[in-house]
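Okay, so we've got the same protein chain twice, two forms, each given alone as structure tokens, structure 1 and structure 2.
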Structure 1
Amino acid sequence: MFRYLPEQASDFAHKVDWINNLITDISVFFTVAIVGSMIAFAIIWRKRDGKDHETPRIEGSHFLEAVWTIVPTIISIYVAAYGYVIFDEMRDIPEDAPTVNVTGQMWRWDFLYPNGKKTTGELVVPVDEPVKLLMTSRDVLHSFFIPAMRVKMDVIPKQFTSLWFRPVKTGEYRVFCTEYCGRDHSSMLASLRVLSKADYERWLNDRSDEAKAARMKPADLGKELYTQKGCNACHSLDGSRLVGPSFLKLYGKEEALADGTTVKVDENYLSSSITNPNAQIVAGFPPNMMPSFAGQVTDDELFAMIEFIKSIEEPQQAAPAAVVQEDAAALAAMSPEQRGKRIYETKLCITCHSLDGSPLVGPTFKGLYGKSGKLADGSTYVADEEYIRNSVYDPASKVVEGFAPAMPSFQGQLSEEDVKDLIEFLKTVK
């Protein structure tokens, strides 16, 4: 009954499912029995023909009292004992289990293997071998969950937690964060790849990616890191204003800071901005937006990112033409609401505007359309189509009270049709 659990891929998954199914079946049985009896009694002893019908007077039954006390007690003790045995087994980590270090941060999972190999967003393990995960967080509370393995554990800043499992079949499985950790919590995904022992050994000892990185020019490696580390979400390469300053011709520039001083953008400034971004805030940009990458990038990676920024002397194209054509064909097949959602996810709206009511850099989109509110200059607004269109193309003209004027203009980046699609999407966010 109700056997809708995910695939069983670890050696104790069937035990977890058995006790879960037992509890479900018992709950359904007693719910049907009790509620069914209530309904039957209501029908049998209902008022009929406009007359009251006297119900039998029952003084009590010691036998029934004993049954409905003893039976649930025995069931509860059995479930608790069995559950404790399985819980203890899931916490008894085999001594020979190799340890993979897991680090969570908004919004990704990093993995470090015993031989020093690193991956991001993908955990690779051998089949039929126990694996221990030693986990911590760089920022907030996360929770590491692999449904197919039936394991889940909180990942806590400045502390270490652990779990283990033994996969029994090869394949690829999903990994989730099940602790709300911020605006992109639902996107904090990873994959678990279970390989045969021979394939795992080959994969573990294959250092071709590191060799490739070692052969790359620092600026080319920095370009890859620009995307991998999420710099592209806030820093453009074509001079357009996003959440943070553009990287175009940034190196060597005299930058005005929020405290009224100026600084020359050299290697020292770039290094400090990457590892301690709130130390020197550029004038016109809000503080506390960029996370620190201290401890997240190696010295070589830091040097590579600096070299990449130094190399941006001409505007760089966002995507190859073939990709743009494919996107256009896919967009044409979507509804306006779907295209609007895609714009929300790909044009950085998702970075500053939530869909769940939580305030970020800008107002939430939940219930926005048709909403009235107050602007920073004391006037009021109604979030109709004209207001939203104006907010996209000229956001600084009407800033909502309590929010900084941090949004860039999308004039020239979004067409009138794009804005109409975005508005149709906003109408659906209730």
Structure 2
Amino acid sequence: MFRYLPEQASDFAHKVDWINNLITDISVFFTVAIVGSMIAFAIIWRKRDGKDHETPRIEGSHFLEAVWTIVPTIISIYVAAYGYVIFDEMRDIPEDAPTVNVTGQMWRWDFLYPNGKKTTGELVVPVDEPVKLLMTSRDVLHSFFIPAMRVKMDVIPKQFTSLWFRPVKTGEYRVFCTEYCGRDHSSMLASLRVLSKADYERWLNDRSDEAKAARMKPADLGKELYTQKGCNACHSLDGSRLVGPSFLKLYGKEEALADGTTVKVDENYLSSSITNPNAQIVAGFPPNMMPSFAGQVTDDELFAMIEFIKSIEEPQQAAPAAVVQEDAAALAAMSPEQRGKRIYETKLCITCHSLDGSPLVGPTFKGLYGKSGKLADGSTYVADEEYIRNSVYDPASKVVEGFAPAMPSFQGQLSEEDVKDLIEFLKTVK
């Protein structure tokens, strides 16, 4: 009775339907039993001929109260437990599931496949293979719902959510947006096309109509960004320890954090570490070193970065810019300004202090030397040699107004000679 769920097209659909039908049967049984007895009581003991008949003064029964507390409790626990177990399976994403990125936007769905192919309004997947959808939104809340697969998940701006399913038959299925998202919410539809493996491969690799730029795999784009955005300065690909944790086998790892908690490195952690790096610092690494890339990378680039990090399973050589070995003789041959420039580039000053006047995490170096201004505590400073030396060794003591006290001390990392070289370099940045 009452079997209305749509066709079962994913491998866990029949389990969802099983628990659903069990609830239906229990519900129908109890509704019929209770409402039936109520109607029976009402008919059997109805008032006849307009006169009340004598009624017993029954005030209750502890036994019955116990029965109808315990029986629903047992049924509830049973149903809840099965709902829980099946849900676990629906949330347990297989390791080997290829990821399709889904982006919701008023009122369309964009899909990005593992090889870089993009579609809009149509999701194509192979049959009998698990597929993971990693989803985010460009504007407001949406929700991705495929009735035939029995899956649904909200899609949230600036956050990642995911779901997975394994289609068991080919065909075309409806996709709805189920979180109200404004005017054309009811037109925010897509179709899911499940193809045989061979058809899927053919479809996926048919890139004839795409421009070259769009053809780049997310992970490859991520690799370019890795050097382009300067991640390589602090994060190695071969497991060696630089300023920040290495990307080698980072994804999926349990990391102990500085505040004593642990976190599993998943898409959300990676994403928030890029946009809000200081919220969750891995134990043993200095805080406030990494600038936020919020607003500097697009969502697609964020996806790409994450895919790239996920791809680092083997040690890779990546010529990190930060670790440039110079021999002492070469250094001695340089002018102080040149040596200062080297320090500026290799000791990560470059991450926070620009040379072109733009304020990053710290003040720009352009025209810094000799400049005067206000400190956060209200006093004034003049950027002379002593001030700069002090700023290198004890940066927290004098923080320029409007900037966060984010810089670590370089005591022990830069010698007095190094600082002198750096100052010579600064004098040249006008």
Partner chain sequence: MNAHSDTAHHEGKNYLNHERGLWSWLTTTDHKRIGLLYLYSILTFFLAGGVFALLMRTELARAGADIIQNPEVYNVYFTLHGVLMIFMFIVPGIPATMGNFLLPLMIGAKDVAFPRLNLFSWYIYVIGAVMAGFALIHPPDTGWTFYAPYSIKSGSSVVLMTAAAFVLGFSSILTGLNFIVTIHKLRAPGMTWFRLPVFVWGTYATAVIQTLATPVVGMTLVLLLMERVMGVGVFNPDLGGDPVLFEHLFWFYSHPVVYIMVLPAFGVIGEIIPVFSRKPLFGYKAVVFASVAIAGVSFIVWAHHMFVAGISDTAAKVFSILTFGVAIPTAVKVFNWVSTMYKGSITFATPMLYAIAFVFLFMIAGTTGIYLATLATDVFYHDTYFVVAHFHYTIQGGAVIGLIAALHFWFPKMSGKMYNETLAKIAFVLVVVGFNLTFLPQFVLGMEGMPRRYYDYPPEFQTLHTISTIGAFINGIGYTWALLNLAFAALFGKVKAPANPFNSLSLEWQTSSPPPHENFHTVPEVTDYPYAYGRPLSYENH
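Quick caveat: nothing in here was measured; it's all calculated off a predicted structure. The term rigid core refers to the most C-alpha atoms you can superpose between the two forms while keeping them within 1.5 Å. When a residue number appears, read it as a position in the sequence of structure 1, where counting begins at 1.
For the form predicted together with its partner chain, the corresponding chain is the one labelled structure 2. The Cα position of residue 378 differs by 2 Å or more between structures 1 and 2 after fitting on the rigid core. Shown in the overlay between structures 1 and 2, fitted on the rigid core, is a CA shift at residue 158 smaller than 2 Å. After superposition on the rigid core, the Cα of residue 137 moves by less than 2 Å between structures 1 and 2.
Comparing between structures 1 and 2 on a rigid core frame, one finds that residue 419 has its C-alpha moved by 80.0 Å.
On a core-based overlay, residue 66 has a Cα shift of 4.4 Å between structures 1 and 2.
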